[in-house]
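Shown next as structure tokens: one chain only, the form predicted on its own.
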């Protein structure tokens, strides 16, 4: 590629998170089975959290999601109507599968809500066949609107034979769940075989299914056994790193424990056809699903045609394949993919607009796109529309040396791959044999209370023209949601607080990383007195601190940042390129804090009282406030803030030049 100073080499081992499709179904089937089911490797993403929350609201015993937990299933009949609307966030899978389940539970009713993106996505594709079975489904809003909010009334259902014009695992899954809940028979026929995770998991639980190449038949009156589940790595998530390795100049990536279900491996077939070197190691069957380790290396990439029967096998990976096509030689055409227009965004339009913004020749087709690729440097700004697949696809392009790509909403990857930016940084981390300068610059500023961390960090970020991350804002966001969900703070546990975490995302503003709640900015409420009184309670919870640290690390892996807060240079960013620890005499810190709080010059008695409080807090915070061994300590007692900012900026510029080989 034009502009590369050295070959782009990848190597290392990536373990993508658990498969999203399997994770949703593992929770639902465990909840409606009779008995305990151990679940390991589940995806702890916003979408899967939405399914867990919906099941809990209907009475299911779903513990806080982790890498290993047990669901005590009490049977389908134990589920009840939720007391409030089911918040599906951005998850179409949650909405459609849970709607099918509710539809089959006579006497239950649930209102489904979602974010702005999900509310625009069509639900009539499930509403029509469920209504034919006897369910009652009501759409709110303008006439003709078939998205959320939606109210589903469970009714006694009749058997159905449904011939779907399009292959859809979500429609198929919704009808099967309705049949299981109502005891009715269900037959679904499709033009091509869609994802069959539902069938595989139900067969493993003792359900009598007949599965053919073009459909599935569920006999009436079936029950589920409780079985343990190990969720393999998501092949859609794996595709981003397979594409990264294919786009490299040398090296290889090992992508471990990937689900290799043949209904999900279409993207790997396309990448092989384009010239990528992809081998499979350690192939085996786990819980009815084929699993293996992908070993992927670069090749000479050429254009291809993607369409027909392979589209359902790679529908979620098409944004990444389109980005690969932008770097391949020749014209790639994607057709028969009209489904892309009703995903989290209109992915056809969004992909074409963003590719053009980067300098790629691309055109929309009614059901796909045309992309003319070439090995050249790309630059520009990507608008994701909150779509996680777009953010990750262009994130891979942005990782290539010579490209200069910014992404408006990198935090939206939490929907399916919360650690994507960290894993990407590892895969392209510079070494003596690789190009330098691709790892984002992290400047970590720590220090005791009232040492001026936050205001200094904001000023430094502004002068360096990078983003500022205020870790405290994430604590305030989760505290606000905890107050809204559970007004009595004395009842809070880390699990109850974190049950709301899936509603929090973050995006890049011009100079900061801003936490969002349900896609909206609620900064004034986050800074209110009610949150201020309780935020320290939340910050003391180890699991909450871990969650906040994960958000901050993700931001630091996505872009150059200045980060302030406790443990920043030790626990959160132990390998930060520059660590600064601010100290000051307790009297001076107390004086500064009082001026900020009171808006006037304090007297000596007031300063003395505040100093005593700060010293007591320093004693409690001693473990967290300790500087990293490689931190540069700056005593701010007798220097102005302008002088300390100038020192940090000079250090940061020297560090940045060193890392980028200047």
Ligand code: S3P
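Residue numbers count along the first chain shown, from 1. Just so it is clear, the model here is predicted, and its values are computed rather than measured.
Heads up, the form predicted together with the named molecule isn't pictured, but that's what we're talking about next.
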(message) If the cut-off is 4.5 angstroms on heavy atoms, which of these, 170, 403, 500, 505, is the one near the named molecule in the model of the complex?
(response) 170
(request) Only one of 199, 316, 87, 470 comes within 4.5 Å of the named molecule in the model of the complex by heavy atoms, so just point that one out. (result) 316
(request) Report whether all of 21, 25 and 96 sit within 4.5 Å of the named molecule in the model of the complex, measuring from non-hydrogen atoms. (result) yes
(message) Please determine whether residue 193 contacts the named molecule in the model of the complex, using a 4.5 Å cut-off between heavy atoms.
(response) no
(message) Considering non-hydrogen atoms and a 4.5 Å limit, does the named molecule approach residue 522 in the model of the complex?
(response) no
(request) Report whether the minimum heavy atom distance between residue 125 and the named molecule in the model of the complex is within 4.5 Å. (result) yes
(message) If we define contact as a non-hydrogen atom of the residue within 4.5 angstroms of the partner, is residue 353 a contact of the named molecule in the model of the complex?
(response) no
(message) Can you tell me which of 212 to 220, 372 to 380, 308 to 316, 274 to 282 lies within 4.5 Å of the named molecule in the model of the complex, counting heavy atoms only?
(response) 308 to 316
(message) Using a 4.5 Å heavy atom cutoff, which residues in 322 to 342 contact the named molecule in the model of the complex? It's fine if the answer is none.
(response) 339
